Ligand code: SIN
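Take a look at this one chain, the form predicted on its own, written out in C-alpha cells.
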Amino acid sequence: MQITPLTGGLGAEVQGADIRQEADFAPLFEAFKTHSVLVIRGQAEVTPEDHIAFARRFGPINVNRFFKPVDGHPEIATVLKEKDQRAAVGEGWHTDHSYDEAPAMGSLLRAIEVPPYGGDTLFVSMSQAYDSLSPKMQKILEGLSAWHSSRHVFGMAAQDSEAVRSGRLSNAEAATQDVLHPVVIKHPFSGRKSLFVNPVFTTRIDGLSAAESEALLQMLYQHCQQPELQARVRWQAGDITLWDNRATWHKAINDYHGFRRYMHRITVEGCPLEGVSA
C-alpha cells in the first residue's frame, strides 16, 4: 500500500489497497486520521455490499433523510447529475450533517461513472483554517457557538429546486433539525482545534446581532477559502474518497455540463462535539 500526500496539509492518495481486505483497514484508518481526506484508487470491483461493509468498520451508518437511496440499499445515498441537468447537489462549501446533534464522522463516496473531464471535489482543512487566524481572533471564536439547520436547504423553502423536481432530493417534512455547536471544536480523534461553521448549514452565531453574526461568518468563510488550505480530488471511476466531516469542508465542482456523474455515498455516524472552552 502506497500513501502519498495530496498537499502539504490535507489529503492523501492511496494506491495498492483493497477495501474488501480486513488487513488493509488499520493502515487506512490511521492514514484517515492523519490526512482527513483519503482517495483510494483502484476499487472498481467493489460492490454496494463491500462499500457498506467497509463503512461499518468506521462506525454505524447514518441513513440519509433527504437523498434518494440506491435501490435495495437504503444505507447508500445516490449522488447523481444527469447530462441534461444543470444543478449539482453539493455545489456550496459545506460539512455533511452539521445540522445533527452528533454530526457525521465521515462520508465515503464511491465513483461509479465520471465525466471525461471536470467534476472534481475540493476540500478545505478546518484545523489549518483555525491555525492561520490571529491569536486574538482565535480567542474570540473559542467562546462562541453557532446554529446549524437543515430547514433552508432540504425543507419546504427548497422545493422548487432542480434537485427536488428531478427526485434527487425529497422528504422535506423531515428537515426539522436546528442545533447549536461550538464555533471552535476539539477534534474527537486528535484534540486539535478546528473551526466548525460552514456556508450552507450554519445560520447564525448565537448571542450576536444579525449584522454582527453575518459580518463574522463572512470573514471566516473568505478566510477558509484560501488556496493554501485546500486539496483537490480528481476522480477516476472506481475511486472511493472518504473525508472527516469534523475536520474539513468540501464542495462539488459543477463544470461538466452535458455529461453524467454518478456516485454512491455512505455517511458514518459521529459524536457530539466538544468546544475548546468546555
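When you see a residue number, it is the position in the sequence shown, counting from 1. Given the structure is predicted, the values throughout are model-derived calculations rather than measurements.
Form predicted together with the ligand: not shown, discussed below.
Q: Are all three residues Arg56, Arg65 and His73 in contact with the ligand in the predicted complex, where contact means a non-hydrogen atom within 4.5 Å?
A: No: no residue has a heavy atom within 4.5 Å of the partner.
Q: Within a 4.5 Å heavy atom cut-off, is Ser149 in contact with the ligand in the predicted complex?
A: Ser149: no, not in contact with the ligand in the predicted complex.
Q: Mark Phe32 yes when one of its heavy atoms lies within 4.5 Å of a heavy atom of the ligand in the predicted complex, and no otherwise.
A: No, Phe32 sits far enough from the ligand in the predicted complex that none of its heavy atoms falls within 4.5 Å.
Q: Against the ligand in the predicted complex, would Val114 count as a contact residue? Criterion: heavy atoms within 4.5 Å.
A: No, Val114 stays farther than 4.5 Å from the ligand in the predicted complex.
Q: Within a 4.5 Å heavy atom cut-off, is Arg246 in contact with the ligand in the predicted complex?
A: Because no heavy atom of Arg246 falls inside 4.5 Å of the ligand in the predicted complex, the answer is no.
Q: Tell me which of 246-254, 39-47, 24-32, 212-220 has residues with heavy atoms within 4.5 angstroms of the ligand in the predicted complex?
A: Stretch with heavy atoms near the partner: 246-254.
Q: If the cut-off is 4.5 angstroms on heavy atoms, which of these, Thr121, Ser127, Gln85, Gln177, is the one near the ligand in the predicted complex?
A: Contact with the ligand in the predicted complex is made by Thr121 alone.
Q: Using heavy atoms only and a 4.5 Å cut-off, determine which of Gly155, Pro182, Pro199, Gly90 is in contact with the ligand in the predicted complex.
A: Selected residue: Gly90.
Q: Going by heavy atoms, what in 94-121 lies within 4.5 angstroms of the ligand in the predicted complex?
A: His94, Asp96, Leu109, Thr121 sit within 4.5 Å of the partner.
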